[in-house]
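A lone chain, given as structure tokens: the form predicted alone.
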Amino acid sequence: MKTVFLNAAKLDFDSKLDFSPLSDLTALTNYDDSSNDQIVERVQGQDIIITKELPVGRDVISQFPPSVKLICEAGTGYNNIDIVAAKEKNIAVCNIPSYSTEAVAQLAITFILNLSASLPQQQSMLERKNFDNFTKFLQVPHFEVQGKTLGVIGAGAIGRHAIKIALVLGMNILVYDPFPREWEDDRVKNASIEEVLKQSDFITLHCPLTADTRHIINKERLALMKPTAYIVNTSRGPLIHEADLIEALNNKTIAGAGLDVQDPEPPAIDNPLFSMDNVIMTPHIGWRRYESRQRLVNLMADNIKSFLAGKPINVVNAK
């Protein structure tokens, strides 16, 4: 069996990862990156394709040879792959849903703790040589998180891990998920998305990007939030209508935001979010910790091993 990783540098950007779990299973070829034309050329004679957030649309998949039986998305989200077009060609598509659960949840909580202590504003003041926080009374908001309400939109693995950490910090939790579950801790309650937005001091998004979740946070829903509330997005940029978010931040409809993902990525260098001192911006780093990336390689090997054994797992286009 032959496997090609079409954009391995997206994952192994520091050349530190051990790919032997994959190369021990199949004949593995890694490319740093691939254009559409190169994808079509490089999948010839291959059985398994690996991508990392690389757009693979219907026009490209339609040119795949019959040898291709599996596309493995090296990550949780698979909105970059036309899974319907793949199914039409009898190509299974699988993802890796659990490799970065802890890392992404930790980043979401890191944003919350930084925003509660107004660290973005304080660092911005220091960059401007403004030392008023040291020489006068504190000039910025500064508050504890225990007793505050965290709204979690999306209670998958990452959302549940963020809840676990938030409970240790003494927060109360409101959860919106289209498939509500029972919670063992009475500090966690299910609610409508409107109630979550109205009552929470922090909102954290943990949804896949689908037709239903695109712009799930827009002008109307931002207007439901408290003017003292913050929103955090470590999932996918298009979950938030970015122009509406910028307007809400400028108008002080909400207090601030922590954004590990943007729409598009990377953002334009003149994006207003970069210059807002109540916004934390990071370049989609939630999944990029070394441990998470190596775990991803190992789990990809598990997916492929199961597929080769005729027992595929994590298939997202089975229906």
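We number the residues from 1 along the sequence you see. The model shown is predicted, which means the values in this text are computed figures rather than measured ones.
Not pictured, yet referred to below: the form predicted in complex with nicotinamide-adenine-dinucleotide (NAD).
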Does nicotinamide-adenine-dinucleotide (NAD) come within 4.5 Å of any heavy atom of D177 in the model of the complex? yes
How about H284: is it within 4.5 Å of nicotinamide-adenine-dinucleotide (NAD) in the model of the complex, going by heavy atoms? yes
Quick one: is I216 in contact with nicotinamide-adenine-dinucleotide (NAD) in the model of the complex, heavy atoms, 4.5 Å cut-off? yes
In the model of the complex, is there a heavy atom of nicotinamide-adenine-dinucleotide (NAD) that lies within 4.5 Å of any heavy atom of T234, even though the partner is absent here? yes
Thinking of P97, V104 and I158 as one candidate spot, does nicotinamide-adenine-dinucleotide (NAD) come within 4.5 Å of a heavy atom in every one of them in the model of the complex? yes
Picking from 114 to 122, 147 to 155, 163 to 171, 132 to 140, which part of the chain touches nicotinamide-adenine-dinucleotide (NAD) in the model of the complex when contact means heavy atoms within 4.5 Å? 147 to 155
Which of these residues, A248, V196, A86, C207, gets a heavy atom within 4.5 Å of nicotinamide-adenine-dinucleotide (NAD) in the model of the complex? C207
Residues from 52 to 84 in contact with nicotinamide-adenine-dinucleotide (NAD) (non-hydrogen atom within 4.5 Å) in the model of the complex: T76, G77
